[in-house]
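Just one chain follows, in the form predicted on its own, and it is written as structure tokens.
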């Protein structure tokens, strides 16, 4: 499903023209391995995407120096943001982001992070959230889930990536909309969250589809609700929260950004590299198989997207008491 940029950015008028990259800028190439920082722990959606992007670049010999995945998920992504903001080599340091790119600087103002100082590289896609339970719970519908949570009167346990970021925002909205009391356990990455649901250490998650895919394929996980604007082609029987009467949808950005202070020549190199990766059959197939929605943006569009998302997440955090 192709998503409209206007849906996310809220801008009027035609989309901006693709940025022209001077021919001279293309002369720049990396001189050493590229630090490919991941804003989450191993196994989650950001980690899977970073390693897939790295594999496509390697398979097609698209870079003269390798992308080296580097997980830094501590502090709800603060570790990754600090690593980029303080790097002594901005031309060889890039970051795979999720929505903690917006929420962590808002929640942790002491970090002194201004995301507008980062360098836009590529918006690769957006990733929906899905409510999952273990098959052994016996729950097969969203209504049964709501009744179960209410019946446990505060003892229902869910896990998610970080505190005050994507997963907790979605769970907080559900709690408010249906007057639910839920215990929330934060993790460094979605892979650990999915693993603990599989082991029934927690009772439900709102993992992205890619994070739950293996367990779902094995029949261990049951999807109950999607937080996308429309039903997913991969989960046609799973209703959306909007169908339940709540005007709320939420997606995780899957983007690549560069460090503050990156040279224009290096930025042009990475923008071209990731546009080339975006256009490959491999990435297009990955988006389809993992339920990602395409949302390519130019650097200018990306900066506008950041402004709107910071404002939106400020409102969401205030609503959940953060």
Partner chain sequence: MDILGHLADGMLLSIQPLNLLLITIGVTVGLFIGAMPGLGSVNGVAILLPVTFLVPPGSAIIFLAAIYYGAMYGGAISSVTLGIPGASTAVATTFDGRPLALQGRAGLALVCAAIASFIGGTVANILFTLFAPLLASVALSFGPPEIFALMLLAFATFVGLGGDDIPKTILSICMGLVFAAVGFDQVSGAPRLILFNINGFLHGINFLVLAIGVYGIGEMLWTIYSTRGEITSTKAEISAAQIGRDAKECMQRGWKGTTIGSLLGFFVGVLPAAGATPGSLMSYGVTKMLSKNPKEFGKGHPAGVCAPEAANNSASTGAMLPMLTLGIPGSPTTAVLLGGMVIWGLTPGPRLFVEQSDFVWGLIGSFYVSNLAAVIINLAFIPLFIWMLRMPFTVLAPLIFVLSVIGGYAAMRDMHDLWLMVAFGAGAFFLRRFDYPLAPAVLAIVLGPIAEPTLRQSLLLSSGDPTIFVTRPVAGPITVIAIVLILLPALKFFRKGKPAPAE
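Numbering follows the first chain given and starts at 1. Worth saying up front: this structure is predicted, and the values here are computed from it rather than measured.
Although not depicted, the form predicted in complex with its partner chain is the subject of the following passage.
The single contact residue among 72, 231, 92, 242, judged by any heavy atom lying within 4.5 Å of its partner chain in the predicted bound form, is 72. None of 187, 118, 129, 145 but one reaches within 4.5 angstroms of its partner chain in the predicted bound form through a heavy atom, and that residue is 187. Within 4.5 Å of some heavy atom of its partner chain in the predicted bound form lies at least one heavy atom of residue 55.
In the predicted bound form, residue 250 stays away from its partner chain, with no heavy atom inside 4.5 Å. In the predicted bound form, its partner chain sits within 4.5 Å of a heavy atom of residue 51. Its partner chain is not shown here, and in the predicted bound form it never comes within 4.5 Å of any heavy atom of residue 172. This chain is displayed without its partner chain, yet in the predicted bound form the stretch 72-80 from 72-80, 145-153, 234-242, 174-182 comes within 4.5 Å of it by heavy atoms.
Residue 286 is the sole member of 273-311 found to place a heavy atom within 4.5 Å of its partner chain in the predicted bound form.
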